[in-house]
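For reference, the chain that follows is the form predicted alone, supplied as structure tokens.
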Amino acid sequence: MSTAYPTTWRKPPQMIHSRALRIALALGAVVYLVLAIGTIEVNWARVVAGMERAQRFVAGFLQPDFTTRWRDISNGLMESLTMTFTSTVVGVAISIPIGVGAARNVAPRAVYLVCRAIIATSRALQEIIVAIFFVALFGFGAFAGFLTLTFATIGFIGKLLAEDIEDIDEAQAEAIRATGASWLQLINYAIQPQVMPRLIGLSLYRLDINFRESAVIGIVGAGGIGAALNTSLSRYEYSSAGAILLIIIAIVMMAEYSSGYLRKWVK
């Protein structure tokens, strides 16, 4: 049976039917934007000084120094890779039951509300804020970074997994229910086959994000290569900072190409 597609273009429905109100809202948005830009205070003397430092940084980036601070760079890199892998594995493992509980079509309402609250809390707090909190609790080092990235992974994977479960083909789930299957059998035979390829892709994507975030949270003392980068920048060692940035870019590119290949293989 062939699907009939429309042959003529139809204007989509408008949220605001009054033309005068639409124009007034558009003008109001433009005025607000102009006023907001006008409140930004720019210190042009600092801009000029910053441009000079930017030139020195670009020069150092083009002539990276991998040897002077190699011990710090290698230690920070190993910390970042360790935090990235462990936090992704632990975060995904915790996210799976939370994501299932946050799916309205398979979880009781009480469980749904609790799991949604956990996901909302994780997504509401940015990684740098969580890192500062864990550093204050557990001190400087990779453990605080591991907890931060795990916490962020739970909100990311849990939300997207829950949405994928809610968007499954219900016909397959109803067929499994009709056999008298238990709730665990429903999850295993009706839900899991439909969401597993997407879950693997999301996990690989989160692995990439966690490595980049490990460089950011290291600036506040949560371990990783970000600490070495912050030290190099604070000492104006732009050649060493350029070397660290090149390492980060190279690893992110390798992760991007590898995850793309794996996602294609899974599909």
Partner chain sequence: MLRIEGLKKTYKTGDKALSDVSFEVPQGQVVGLIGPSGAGKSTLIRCINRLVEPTSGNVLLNDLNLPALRTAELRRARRRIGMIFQEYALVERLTVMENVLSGRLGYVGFWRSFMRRYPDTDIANAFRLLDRVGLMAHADKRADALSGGQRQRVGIARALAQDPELLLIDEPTASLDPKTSRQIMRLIVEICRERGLPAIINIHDVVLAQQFSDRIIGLQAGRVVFDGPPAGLTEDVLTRIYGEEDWTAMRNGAAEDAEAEAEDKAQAEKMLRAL
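Predicted, not measured: the structure shown is a model, and the values here were computed from it. Positions refer to the first chain, counted from 1.
Below, we refer to the form predicted together with the partner chain, which is not included among the displayed structures.
- In the model of the complex, residue 189 approaches the partner chain with a heavy atom inside 4.5 Å.
- Although the partner is absent from this view, residue 113 stays clear of the partner chain in the model of the complex, with no non-hydrogen atom inside 4.5 angstroms.
- Contact annotation for residue 181: at least one heavy atom lies within 4.5 Å of the partner chain in the model of the complex.
- For residue 139, no non-hydrogen atom is located within 4.5 Å of the partner chain in the model of the complex, even though that partner is not displayed.
- Proximity to the partner chain in the model of the complex, taken as heavy atoms within 4.5 Å, picks out 171-179 from the listed stretches 171-179, 140-148, 90-98, 155-163.
- Note on the partner interface in the model of the complex: the residue among 86, 105, 194, 75 having a heavy atom within 4.5 angstroms of the partner chain is 194.
- With contact defined as any non-hydrogen atom lying within 4.5 angstroms of the partner chain in the model of the complex, the stretch 210-227 contains no contacting residue.
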